[in-house]
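We've got the same protein chain twice here, in two forms, each standing alone as structure tokens: structure 1 and structure 2.
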Structure 1
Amino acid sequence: MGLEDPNMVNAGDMNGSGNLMDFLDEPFPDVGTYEDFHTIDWLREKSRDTDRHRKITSKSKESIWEFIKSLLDAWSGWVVMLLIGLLAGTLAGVIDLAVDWMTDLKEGVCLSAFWYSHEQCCWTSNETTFDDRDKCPQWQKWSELLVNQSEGASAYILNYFLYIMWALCFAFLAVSLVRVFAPYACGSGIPEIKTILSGFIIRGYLGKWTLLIKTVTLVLVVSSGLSLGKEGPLVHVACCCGNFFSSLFSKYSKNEGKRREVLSAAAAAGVSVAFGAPIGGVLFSLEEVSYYFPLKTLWRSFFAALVAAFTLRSINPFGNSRLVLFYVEYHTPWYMAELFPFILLGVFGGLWGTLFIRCNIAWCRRRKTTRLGKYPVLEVIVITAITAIIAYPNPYTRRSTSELISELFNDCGALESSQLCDYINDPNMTRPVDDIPDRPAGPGVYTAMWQLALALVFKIVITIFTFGMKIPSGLFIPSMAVGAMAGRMVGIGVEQLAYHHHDWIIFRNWCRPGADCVTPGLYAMVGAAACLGGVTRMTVSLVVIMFELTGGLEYIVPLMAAAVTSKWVADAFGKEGIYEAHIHLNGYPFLDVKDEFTHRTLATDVMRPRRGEAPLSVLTQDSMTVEDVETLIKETDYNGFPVVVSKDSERLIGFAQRRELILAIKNARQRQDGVVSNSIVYFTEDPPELPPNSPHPLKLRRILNLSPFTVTDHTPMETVVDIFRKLGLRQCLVTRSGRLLGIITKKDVLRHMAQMANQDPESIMFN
């Protein structure tokens, strides 16, 4: 066993129980793992990884083969990143293509090849001219195919009916798949991923089934026309990929801390393919999702994000070498006076964010607490039906939301056939196509305006009810759509105002007649950024994502102005973004790095036991029997026990994990001769000589963590919170003048924080 060799003991002690397996031939297989819905201990995971690394380094000097193995181990991080990038990019491409096809399937089918989407169908058709590129003989609406009518009331009703039927069909399939195969595949996944990355275990949340079902159902729900997006779930899908590949390498699969580094990078890859923004993805992971983000992870995340982006680009789902449908290039600069409407859009975004979070959380709480939650399939069916019935008549809600955003972002060029670009042209004018001056709006624009207004109201209401149902549902796209619609309307308003009143003081300096001074598409983009910012409270990553969409430094100032205003306005009504609100709703133990704890409480106010409570359950180093320990374990449900010199002196020796105590005793009883119920348990280094007929002692120093974290009872909670956050502790012991007084767990910290913020401390449910 080698445990009596003092050097070995010393090495084994160094990190509590981390490298136990090296010395005991893995006697209990579950050592070092965690139970489901429990918090991990970051320091311990880090220690274990360092041990592993040390072992490999020392072995690598022994033989060439070990050296090669150590090289492979060092490279495995990059290999995992490469694989994640490739798979995430491929999945994103496949999802894009499938959504494209299935969305069009609701309206018609391609006769030449049924697997073509509307656009692909008409590409292959050579007969089309530019003007009617959307009308090609191969593409047939359902009414044309079934009753040979393309116009008229009955054709409209048939198409309408089939549209709703397809939508219901997709949604029903999606919700059934989720319920039967992978209940964790619902929602956007970002709140749970944030919690997992902060060091929490939710088994199966990133499993293979979740990956498969989420990918398939994502296609179904997006195609069904529900008011949701694929961007958030793509992050979840990418994290599932990350989890899958990290399970292939023991470096990551056996260490919860290292695994989370991979997941952080995977989240970056997910955003990278969702928005075609690799740098934005990395910053999103850094700012919004990750908890522990060392510089090495930054670099690897960047690599994964790039690989994912390039994979997606080689799949080329949109047929234009772009990563997203709504990439734009503007040709006109913006002017100082326009900052005012931009800031107004920011205020709108902030208000929308507040409204959405409040209403959505209220509705989700209702779903959790009332009978509503018992009929998830019915709920999805009803919402889908309502969405489809209201959406079909309005051209702006009938199409897919990302196409809508794309149209709203676009500048009106000369070749644009959209209703939004129905301006009255000056027939005498001959100017290059990309420099069109401001023109008066035509009837199409006015029609578009009220259709957009209706679509806006509809989107605002329906999104509140959609997000949180038991299907994959992202929030980025609906938020952006709300902002883009509002922004485009404001933009057209400003444009027409400037056209008709170019002699007003505010326009006189920059908007002469015949100049192209207002770009309504830019307003749409600013509005989208504002609304997305209001809901998620992203800042830098939001601006960088938008910057990567436009590809110019030029428009950063409008975007920033709107994003900052939106954040400030939304923060004035409540500090929580939608993801934090959902984390809170679910009671996950998430210690946000952004929250500042500023109350004047001390560790002594938070620690257990409180005044009047039973004293702390402790183990003594050399006076308890196996039976005593077993009784203590049975009677309490604490995750671990401090070990003290004796009940009287209460001087702290170390800390023993419950799980490992149980395993060690079970193991000793099975394998070690002479260990019986009244064997004495020794946590000391050298148990004293026992009389010959006394039972064999049980030596447990090897599972004792000899460096438990302690603070004094006078430590301000502010410092304690900081320590928990930065070191990722599970628990911390409280002492006064060297005497053990109590214990503070992560749950205690979170409950105290909730209490100080006038929230219900019982809402924190897990440890």
Structure 2
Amino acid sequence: MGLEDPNMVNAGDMNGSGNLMDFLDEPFPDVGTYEDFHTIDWLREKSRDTDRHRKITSKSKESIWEFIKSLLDAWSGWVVMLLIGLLAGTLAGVIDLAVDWMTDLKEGVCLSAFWYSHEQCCWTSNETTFDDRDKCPQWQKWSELLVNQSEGASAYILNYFLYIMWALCFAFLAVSLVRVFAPYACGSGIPEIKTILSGFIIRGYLGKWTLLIKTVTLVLVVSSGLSLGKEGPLVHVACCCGNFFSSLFSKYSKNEGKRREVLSAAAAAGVSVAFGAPIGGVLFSLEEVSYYFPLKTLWRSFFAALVAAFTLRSINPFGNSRLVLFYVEYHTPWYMAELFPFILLGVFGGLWGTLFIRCNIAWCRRRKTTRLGKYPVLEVIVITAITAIIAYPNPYTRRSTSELISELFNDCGALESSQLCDYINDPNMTRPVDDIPDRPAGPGVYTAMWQLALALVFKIVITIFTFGMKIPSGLFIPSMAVGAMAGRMVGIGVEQLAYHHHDWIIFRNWCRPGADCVTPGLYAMVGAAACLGGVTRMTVSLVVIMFELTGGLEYIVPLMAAAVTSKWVADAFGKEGIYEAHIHLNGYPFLDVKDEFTHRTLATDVMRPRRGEAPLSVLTQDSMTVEDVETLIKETDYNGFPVVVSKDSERLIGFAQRRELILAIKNARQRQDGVVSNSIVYFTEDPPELPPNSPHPLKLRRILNLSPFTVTDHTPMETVVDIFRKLGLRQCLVTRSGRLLGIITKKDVLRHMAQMANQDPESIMFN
């Protein structure tokens, strides 16, 4: 940043105004950036981007090189999306493969190649039979390897012990890595990402260390068998990729508003690879996470989600050419009479969602306010130990939750070896393989029902304590597992009822003897959707994710019925989903677009200063010295100061940000001769009249916002809240007939809303 031409300075001398240098005509470093834990000014970011765009467009006509640069600038958005999609897809594939291997490592090891999972090991074997497809000589359980026994009590105890030890080892390693290297890598990350996308700054939350540690620890915690999923954290991982790539392009790295457009698209890519649902990912970002979602971001999100899904498909982590483990296809249609059990599952999902949110928030609050929060490592170890000890004896909780959901979703074909498919077959049956009629349940099905009921109770209880610990933890998979278990049990019940009572009036029309009328797997899918909807309050995106997962377009109506019912039931007990509840628990300054403000208060009731408080701290346009400004900054901790004509008139001129005042004065002292503590600071175009020997004044008009947002003192708060939401303001000034009366900040609005809802207004502060 060069100083002005010396001849110009002398010209200034002749006017008797001293050695004037408006050094701010060139921008200096860090202006326009924000402090940690502050809210961005969306209006200013938007106008800065418009100015930048205008400058590039006008320069592009000057030369071929400038034209090429303008093309590169226009394409940079798509390049960032391509890179995000490639990296997010690759990381998701690596995580899936690693989880598969490490989950199986708890039970045994592949002798031919230790890096193979159980399934891969037996694929490569030539000695695997179809009936015993899980058994092959290359794969050995730990008891076979260590004491050469595969059956018996001692083998079972040894396997049980090693299962628990591996789980504890993985969990301890994960929580230690999070504590030491990246404390922000814990949790699901979605509440924080919602807050960041609404304009809040949490430095380091989307950093490179967080990305690395979250990816590694996600593999460890999912493999440890804890009741959590990798889907929510994958959104955080994808957003970290988005943040990393946007920092490589000045268009995004220097503009926090533009950066958030990239992060919205990255969130869509994260859901796309988590569920293999690109369209569901875009809708999830739009419905659940994003705050500001212009049409341009919709197309880019679609592109990022497409590239991410394509990359994951190329890696093919599950070896079935699908993007997820639990892809299913059903062959039977559903019938109108089945809507009743589907709606019942929706009610169950809503009730489970309410129960989970209340209990989990109460437990997390207890963790924050008691000594429990001081021992995060111990908490993880204890919960892992309890989970492993109770999970091992039950085959449905021992396996990974994704495999469990996969089995519950599955339709019973002729080749299924699962206990859930242990029906009594008719020896005279001659039918095509994929259309097996309803049959009476065999002993295996009854055993499975008992085990599922126990697994359901265990999952419901343990998930409440697991979500929110200091490790990466997603909620999608455990919620879906709870719903899928309940749904499969209901499905088997309806199926047996239809088989034994096909002459009842409700079954007579559509369920003849020897027909395949009820698909228990479909009930599991509907239950999973209902429970996930009850916890997160998603609707449209949830239904789209579920039908992309299952490829079943004709089952949209049952899914919609369950999703809507679960949302209605859950909303009857409280409007907040789990992510909003965690945002409130952590005190993030998040103005939810879904919240309604219906109270009849005015701006004057909320603005500060209130009656009896000290007057507002303001700057005057041309009568304060550098020392006065520095003292004001030192003695207060406000983020900015209104600038008025004089203390007497209090006519508003503009608004100056605290950070930019500090940087401007610091830069002036370093770069500009003659600026001393008693130099006059002025915000006008022309310098004030000064005595002949006074020091050089300092012009700070460049950092002054000349169009701060103002409302009158009689503006209803309903309107003010709407303005803050829709324009993403940090603060707005309250005036009457052009005179400054006070200021309303985003935190004042949140405090007021909390007060009106009979909550503690101090809970809004960022904890």
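Bear in mind the structure is a predicted one, so any value in this text is a computation, not a measurement. Think of the rigid core as the biggest set of C-alphas that the two forms share within 1.5 Å after superposition. Start at 1 and count along the sequence of structure 1; that gives the residue numbers used here.
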Mapping for form predicted on its own resolves to structure 2
Q: Superpose the two forms on their rigid core, then report whether the C-alpha of residue 574 is displaced by 2 angstroms or more between structures 1 and 2.
A: no
**Prompt:** Under a superposition restricted to the rigid core, does residue 667 display a Cα displacement of 2 angstroms or more between structures 1 and 2?
**Reply:** yes
Point to revise | residue 625: Cα shift of 2 Å or greater between structures 1 and 2 (core-aligned) | key: yes
Between-form comparison on the rigid core puts the Cα shift of residue 695 between structures 1 and 2, in Å, at 3.3
